[in-house]
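Take a look at this single chain in structure tokens; it is the form predicted alone.
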């Protein structure tokens, strides 16, 4: 064996665990889900699975609940992603300056990110409770903005608001961290030169900071969009998809069909369409926004 082939073999051995993990936990489940979506899949091994072709997909595109879940998922993403990015960028700008307690403030803003989704979802249930909730207390008793308690989580018109709020609040710390890394990569000499030319804070932000942050913004937008479409635990814990299915999202609807009603073939069809939607959006975002990076 030549030295060149030996080096390739060593490199392959290093990559092999990652490849095995990728095929076992990513590629195989995708292929298996597609195969299951073509069957009326039975959990009982004594009952044979019946091949039904594209019937699950035909049923899916005629299912009104699917479109409600898709609409809620899209709205969740459209609201929470810009919210996380805007607040995260503003916090990053503040914490990028030298100030007392800088490390403490960074820790406090990042703390929600590492907190369990289940815990913060239960916490927000109490905050938005119709009776005794902190939000109603502030709006009604303290600020007198509303006249009576709002049933946030039991009213189809307001049930998504606590979920949006939680999504934005929990993601600010992650956005702040990524933006902070991008800001610290900008050479300080550019700001010093701009200061000598008489540029103010607004001009340095729009002419220096934002253009040089485009690659970071592209990365964050793609990752947060994927994360937004994968929203599940907050909905599952806070509302369970209710009231009357008004807060159902794609992940929760897929979970219910597969594990509550044991419609594994139909749930797999939802997961396949879900994957195609997220993959397509991520690729479009990456290609469109990457053209502006420099």
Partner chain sequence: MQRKKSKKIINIIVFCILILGAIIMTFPFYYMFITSLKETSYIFTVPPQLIPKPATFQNYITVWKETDFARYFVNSVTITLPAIILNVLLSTLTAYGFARYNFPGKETFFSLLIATLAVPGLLLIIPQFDIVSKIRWLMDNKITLILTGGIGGIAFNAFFLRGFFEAMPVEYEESAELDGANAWQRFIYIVFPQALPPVGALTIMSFLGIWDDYFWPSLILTSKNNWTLPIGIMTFKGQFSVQWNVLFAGTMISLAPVLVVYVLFQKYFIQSVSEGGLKL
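The term rigid core refers to the maximal set of C-alpha atoms that superpose within 1.5 Å between the two forms. Just so it is clear, the structure is predicted and the values come from calculations on it, not from any experiment. Positions refer to the first chain, counted from 1.
The discussion below concerns the form predicted together with the partner chain, not included here.
Look at 202-210, 75-83, 155-163, 106-114: in the predicted bound form, residues with non-hydrogen atoms within 4.5 angstroms of the partner chain sit in 106-114. In the predicted bound form, at least one heavy atom of residue 169 sits within 4.5 Å of a heavy atom of the partner chain. Among residues of the shown chain, residue 99 is one whose heavy atoms approach the partner chain to within 4.5 Å in the predicted bound form. Using a 4.5 angstroms limit between non-hydrogen atoms, residue 32 touches the partner chain in the predicted bound form.
In the predicted bound form, the partner chain sits beyond 4.5 Å of every heavy atom of residue 287.
When contacts are defined as a non-hydrogen atom within 4.5 Å, none of 88, 193 and 221 contacts the partner chain in the predicted bound form. Contacts with the partner chain in the predicted bound form, taken as any heavy atom within 4.5 Å, map within 33-63 to 33, 36, 41, 42, 43, 45.
Core-aligned CA deviation for residue 14 between the shown form and the other one: 2 Å or greater.
In a rigid-core overlay of the protein, residue 24 has its C-alpha displaced by at least 2 Å between the shown form and the other one.
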